[in-house]
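Each of two forms of one protein chain follows alone as structure tokens, named structure 1 and structure 2.
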Structure 1
């Protein structure tokens, strides 16, 4: 089983559009949207949301005013300032640690399991897809990311598919770390801007920290060729392969508006050729299609 995770550090560099394009090229694939906070891949892949499941994680503390004697112990114990002076718990601040629940002398604090989102197993025109939606202002995004990846893996095993294509979240924090554990490789979509370079450097450090091989694809490369050179230099110094460059072209937006991949929108465009080349480079460099994964 192979899994390629698409990351970028910085948001808006083209992760999702490129993932959608790859989904149409990949064989024997399960697609996985690990950006559970602001998932967008479904806008192009149009999954059928066939199987909907609640995602339960963590607990939410609620004080029962009937039992509460207002002793103030919970206020003193809470390190997250979630217990208000009127003996109500601010659910947004509550970390779900349960310390107030366990140590309340009156057992006046309820701690029911929290439904913090939904996850789905769907069919798309390119194959099965596992995706999710985290509830607004919910915690546990990392747990939901791990969950959809586990489900994608189980689905791939069941359907005897050997490749998982995962669209990752932006940043380098909890959900990103949850999206890369055990992955075969990371593809960083970088853009030739000072922030694009800065942010890809942090993702590269993260990949090294967790010992997951990384590659880089430079999107909008001709927007700023000097910055593109800087990315290439950095990649070389960090021993990260540059697997291709994609031209700056609003065609990505035009195809997005029609809910199409760039190939479906215009198969012969320069951008389509670029993306196809990137895909071929990934497959050949990293032997994603054989059982050998050492030499990435």
Structure 2
């Protein structure tokens, strides 16, 4: 089973739009949206929800007023000032450390598992999809990313599908690390700006650290030709393949407004041809052979 994870050093590079376009080209595929903090692949793929599950992580302390004697010990113990004078716990301030639970003499504090969001198994017009949504101000996004990827692999095995296309989170933090473990290859979507080059370098270093092959696609390359050249020079020096360049075109925005991929919106456009060529170049890379791991 092969898994291609599509990443970017920052948001707004076109990662999700390109992922959706690839989904319309891939065969025998499970699509996985691992950007759980700001999931938006569903806006284009319009999934039909088949299964909805709660995602639980961490714990939340809740005082039982019938057992509480208002001794004030929990107020004294809490380092985060989450216990208020009315003997209620502020769920935003509470860090879930459990000190108040362990040391309450009356055992008046419940410590239930926290529901942080939901994860879904859905069907789309291009195949099955596993995705999730993290709740507002909730943590443990890395754990949810790992969970979604595990479910995507299990679904691929169950349906005897041999390819997983994963839309990863931006940046290089914990969610990104959780999204690339044991992946076959990474595609970095870079934009031709100073920050775009810097962010691409960071993702490339991350892929090297975890020994995962990396490729680069330059989106909107014609907006700044000089920075596009700098990205190509870095990729060459790091022995990372540039699998294609995509010109800037409002068709991406227009297709998103219609909840369509660029191929569904205008299959004959030049930018559609660019994206198709990128996809073909990815598949031709020795089936994601590790021979193109770059030295960062």
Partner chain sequence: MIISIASGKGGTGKTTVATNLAISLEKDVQFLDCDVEEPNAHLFLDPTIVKKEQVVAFVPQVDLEKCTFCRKCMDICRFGAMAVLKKDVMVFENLCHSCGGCFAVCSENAIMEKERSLGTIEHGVMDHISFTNGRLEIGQVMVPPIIKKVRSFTNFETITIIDAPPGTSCPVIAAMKGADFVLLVTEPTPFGLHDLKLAVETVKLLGIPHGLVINRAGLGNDDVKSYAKKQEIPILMEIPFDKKIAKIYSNGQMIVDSLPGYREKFQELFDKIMQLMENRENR
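Numbering follows the first chain given and starts at 1. Just so we're on the same page, rigid core means the largest C-alpha set that superposes within 1.5 Å between forms. These numbers come from a predicted model, not from an experiment.
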Label of the structure corresponding to the form predicted alone
2
Please indicate which of 237, 182, 56, 250 marks the hinge of the motion between structure 1 and structure 2, where one rigid part turns against the other.
56
For the rigid-body motion of this chain between structure 1 and structure 2, what is the smaller part's rotation angle in degrees?
18
Distance the CA of residue 71 travels between structure 1 and structure 2 [rigid core superposed, Å]:
8.0
